[in-house]
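Shown below, as structure tokens, is a lone chain in the form predicted on its own; questions about how it binds or moves come after it.
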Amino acid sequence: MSERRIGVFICQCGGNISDYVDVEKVRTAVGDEPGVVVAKTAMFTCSDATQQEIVKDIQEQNLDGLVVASCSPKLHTFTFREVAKRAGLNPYEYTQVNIREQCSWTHTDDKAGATRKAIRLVRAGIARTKLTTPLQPTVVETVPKALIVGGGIAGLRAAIGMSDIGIAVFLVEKQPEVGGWVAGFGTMYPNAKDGRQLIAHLWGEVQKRPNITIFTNAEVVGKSGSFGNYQATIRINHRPAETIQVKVGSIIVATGFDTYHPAEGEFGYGMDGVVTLPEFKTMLDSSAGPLVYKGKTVRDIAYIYCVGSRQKAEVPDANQYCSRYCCNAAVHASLTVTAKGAKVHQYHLYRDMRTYGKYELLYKESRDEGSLFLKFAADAPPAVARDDQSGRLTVTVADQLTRGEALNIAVDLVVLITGMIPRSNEELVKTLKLPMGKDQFFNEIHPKLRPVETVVDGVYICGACQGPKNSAESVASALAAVTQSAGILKKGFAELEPLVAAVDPDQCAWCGKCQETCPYGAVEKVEVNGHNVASINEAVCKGCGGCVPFCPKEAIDLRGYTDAQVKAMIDGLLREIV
């Protein structure tokens, strides 16, 4: 007979779960499990009302274990840890069971099967919870300094923000000058500010702050230590190159983006008069009056959208994401052309117009100024050719807004609206162990709840290195990273997850295999009672568990996911449902 007192709360998720899983049947099936003293269903377990009910049950029923069966742990682990803490229960005696992504959403055609699976999953969660023990976070002191990698608009703004809070900053920029893409731009949307002036303003502010140190022609090539007390190695590529080391409490990565470069012949690229959006922007910014291309005044322009974005999966290295900022940038470019003075016919050939939010007004203004917008189907993109007789470019498109009418448009320029692509940062990724998404941009822990944090404690991402963003969005994310970083550094200490590896020195005979396996350098050899054994640096260990199966003596276990807990979970999954 179990002596534990466990509460189980099963979420309907407003029908996301209960439409495909019989949650009442799950509650009945697990309510009699040994150790379970409370079993309830709720419309939304994450709602304030249900959280208060869970707190009340924990306190009134004197619960020493909590199981919440709802959505992904990625979404609400911290929510229910806080619920446990508010009720006086150790937050590591709570288990999150995912019966939404792993059950209801994946078995929408089999409610009976999904229900049986949910029962097994919840049983496994209960089995793990029975073997939990109270754990305490590891507390580490933090160095009140930050390293910012990337000196574009996001990196510069982050540096100023950190400085103003009282955090010293080391900013590392790979190029000879700071400023990034924005430093090369003229007029930008939505307020017609000049990109060069924006960067000049930021640079002026940086120079006023003595606690910001800038390294240009420099790269981060090494990182050691742990969250709150990292030692970063910076290589400065002067002649000859030199390396220096700095101690910092956190790292903000703002390395920006690259732009898609079309292949030869893609939408006519390589032909005289076919240019990319960045090339067109340079032409515009350098033109004082009406736009001129190779000595001739431009009278007709065709813009082709989604070049290098939203590609089909079968395209090699396909960029399947929407690059997001391009529609706004193209529409703004057309308004800039109009503002130059001469009458220009402008044709926008798009798949879907995504001038979102307040930028929708740019789209309206562009139409009011005379731009024509033609919609093409994803499987029938425009074709670009040169007319041998006139020498001009011809763009052929089937306009979906006029029932697929085929149009041949003679133009002087074709502008390919190319999107953002991830910048190649192989050495930095390897050094900082940065996580990357399927699209090869850096990946945050959670896009809604932890949008600038990474799985590497104390390493944050911001700006277009984590996905396409315009400059305003990049600055907003940079300030979010400043807030997250400074919140830890100003406090002076940080609490790290206790779910890390632990060594039983009586079992360990030090063979070194765990040290060879650990990708984070968290294992070291120490002497205990005259014998060499392995020791885990809890501030460095990420709790991946990779070392556990390599130990021939079974001397290493993972707190929170011990061998005994995992075996109990498997037993809970396999037990027949009566």
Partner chain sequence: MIAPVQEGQGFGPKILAFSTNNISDPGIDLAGSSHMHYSPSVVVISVPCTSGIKPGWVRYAIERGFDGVFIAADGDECALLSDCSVRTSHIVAEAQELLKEGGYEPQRLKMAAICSVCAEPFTNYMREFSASLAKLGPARKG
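These numbers come from a predicted model, not from an experiment. Residue numbers count along the first chain shown, from 1.
What follows is about the form predicted together with the partner chain, which we do not show.
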Quiz item: Where, among 135-143, 339-347, 432-440, 150-158, do residues come within 4.5 Å of the partner chain in the model of the complex by heavy atom distance?
Solution: 432-440
Exercise. Would you check, heavy atoms only and a 4.5 Å threshold, whether Cys46 touches the partner chain in the model of the complex?
Key: no
Exercise. May I ask you to state whether Arg367 is within 4.5 Å of the partner chain in the model of the complex, using heavy atom distances?
Key: no
Quiz item: Arg116: heavy atom within 4.5 Å of the partner chain in the model of the complex?
Solution: yes
Quiz item: Does the 4.5 Å heavy atom contact test between Val455 and the partner chain in the model of the complex come out positive?
Solution: yes
Quiz item: Mind checking whether each of Val503, Gly521 and Ala534 has a heavy atom within 4.5 Å of the partner chain in the model of the complex?
Solution: no
Quiz item: With the partner chain left out of view, which of Arg324, Arg120, Lys174, Arg310 would have a heavy atom within 4.5 Å of it in the model of the complex?
Solution: Arg120
Practice problem: Could you spot which one of Asp352, Glu101, Glu279, Glu360 gets a heavy atom to within 4.5 Å of the partner chain in the model of the complex? | Solution: Glu101
Practice problem: Check each residue of 440-466 against the partner chain in the model of the complex and list those with a heavy atom within 4.5 Å, in sequence order. | Solution: Asn443, Glu444, Ile445, His446, Val455
Quiz item: Do Gly437 and Gln515 have their C-alpha atoms closer or farther apart in the model of the complex than here, with the shift being 3 angstroms or more?
Solution: closer
